[in-house]
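For reference, the chain that follows is the form predicted on its own, supplied as structure tokens.
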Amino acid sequence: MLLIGVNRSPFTRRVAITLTIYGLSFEQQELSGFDNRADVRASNPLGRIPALVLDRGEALVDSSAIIDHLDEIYGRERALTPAAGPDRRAVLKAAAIMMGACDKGLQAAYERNHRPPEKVHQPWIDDCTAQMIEALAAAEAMIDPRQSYLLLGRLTQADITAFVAERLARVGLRVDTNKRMPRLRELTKRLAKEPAFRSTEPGSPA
């Protein structure tokens, strides 16, 4: 399999972590949706990352759709998103909130980093950042400090998405998560030590 995208993208890294946890062998083509859009379009006509090219040549797009396929084919009874029922809904809800937070965080970062300075609209950056912070605060409220993971007492997509969202807020937008969301920050520190998270850190060797 070929994963297309850079792990600076929380959406790409979410897929990379999932592939690694499932023990799947894959190569990664580090293309950016900004800098390499024409190349990315070969796999995704939107020019967005990530895309996952399966061994038979089929290209999957959108991190949630990719992960749904991985859960179905490789996750089975150990799927990071439960197959049915209230547990599935709880994990999907948490993941949706965290991925929405990433959307808002990236919009704020793009406004700041990719517009000419005279055209940057600071109120939009502030609003997107505030929405991201509220989403992370919701994740903070879910955490039982006696538990090692966010939900269900085991690693799920709720943890993976919270991990990538918290990193984007802290590294990309300079949100002080140590102060604002201390339980979430402690969770992400623990996860960062696990092999699938450590090996996918941007700049880390594969």
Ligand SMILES: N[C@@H](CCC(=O)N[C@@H](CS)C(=O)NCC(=O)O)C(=O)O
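For every residue, the number given is its place in the sequence shown, counted from 1. If you're wondering where the values come from, they're calculated on a predicted model, not measured in any experiment.
There is another form of the same protein, the form predicted in complex with this ligand; it is not shown, and what comes next is about it.
Visitor: Answer yes or no: in the predicted complex, does this ligand come within 4.5 Å of a heavy atom in every one of Pro10, Arg48 and Tyr110?
Guide: Heavy-atom distance to this ligand in the predicted complex: all three under 4.5 Å.
Visitor: Identify, from the list Glu30, Asp39, Asp68, Asp62, the residue with a heavy atom within 4.5 Å of this ligand in the predicted complex.
Guide: Of the candidates Glu30, Asp39, Asp68, Asp62, Asp62 is the one lying within 4.5 Å of this ligand in the predicted complex.
Visitor: So this ligand isn't shown here. In the predicted complex, which residue out of Ala94, Leu106, Ile133, Ala79 has a non-hydrogen atom within 4.5 Å of it?
Guide: Contact with this ligand in the predicted complex is made by Leu106 alone.
Visitor: Does this ligand get within 4.5 angstroms of any non-hydrogen atom of Phe34 in the predicted complex?
Guide: Taking the distances in the predicted complex, the answer for Phe34 is yes, it comes within 4.5 Å of this ligand.
Visitor: Any idea which of 156-164, 48-56, 169-177, 140-148 reaches within 4.5 Å of this ligand in the predicted complex, heavy atoms considered?
Guide: Every other range fails; the passing one is 48-56.
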